[in-house]
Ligand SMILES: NC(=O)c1ccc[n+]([C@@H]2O[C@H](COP(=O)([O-])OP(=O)(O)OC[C@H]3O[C@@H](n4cnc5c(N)ncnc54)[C@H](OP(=O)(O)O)[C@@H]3O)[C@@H](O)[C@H]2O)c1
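Shown below, as structure tokens, is a lone chain in the form predicted alone; questions about how it binds or moves come after it.
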């Protein structure tokens, strides 16, 4: 798979990322079984074989179990680490957090640094390539966050930093305090969720040379071969017109709806990086085919028109 630069930093990775949020096969760590763990490890190897080099994590995914499963892959084959860009996220406290915190988000210096150190142990690595703040903390003090970033970078625990689900104004506030670049903003973006086109997120990524990492690029599977599990916010997505246009175009191009929906994201000049989250090796390979598809401007707009609830002005 083609390698591209991530933001304005020094890292490069595959055109598509592999999302590790489903590696445990459950959100509840008490439900993890040896069979589910083995399936998660097979998925990681399938992604490696298909050419993915960026692996996206978060400490909240199955309460750290997904990072642990990935770490066991690296423990079994340490040589794999050299070809990877590993990203993870922090900032969301679990409702049953051992600290008993009555709040959900935490960008305090103490929490950011401690969360990173815990992720490093689970992942069995010395350095995280990209460390992201998962969801905005409304009590964020940009100077305090910058101090945490500085401590982690100076200690060699993190190479680059980014954010996730941030509005452009929140990115700007943090970037003014942090001396280094914010290399990514990870947000939901797909033909079923077009907000980044309208809310300034993609414009900012272009202006600031940030990579937009697109989570749920297939709308929970609705744009591909069918959804397996969607978020509550995605249950109301009406994708019938999009699916029909994708099917027509896929038939004409001799490809799949999945590959076309991802190629639509790849067409944008901001250098969107879709995050593929399936644990099915066949679907992981199918998604990778998007990297070899190039849509024309006419094809891109045909899909946009099918996706918009109202006509273009």
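Note that this is a predicted model, so its numbers are computed, not measured. Residue numbers count along the first chain shown, from 1.
Just so you know, the form predicted together with the named molecule exists too; it's not on screen, but the next bit is about it.
Residue-level contacts in the model of the complex: of 73, 158, 202, 219, one residue has a heavy atom within 4.5 Å of the named molecule, and it is 219.
135 is the sole member of 241, 122, 135, 109 with a non-hydrogen atom within 4.5 Å of the named molecule in the model of the complex. In the model of the complex, the named molecule sits within 4.5 Å of a heavy atom of residue 164. Taking the partner from elsewhere, residue 40 is found to have every heavy atom lying beyond 4.5 Å of the named molecule in the model of the complex. In the model of the complex, none of the heavy atoms of residue 93 sits within 4.5 Å of a heavy atom of the named molecule. Contact check for residue 15: every heavy atom lies farther than 4.5 Å from the named molecule in the model of the complex. Between 146-154, 210-218, 111-119, 172-180, the stretch whose residues reach within 4.5 angstroms of the named molecule in the model of the complex through a non-hydrogen atom is 210-218. Scanning 50-70 for heavy atoms within 4.5 Å of the named molecule in the model of the complex gives 56, 61 in sequence order.
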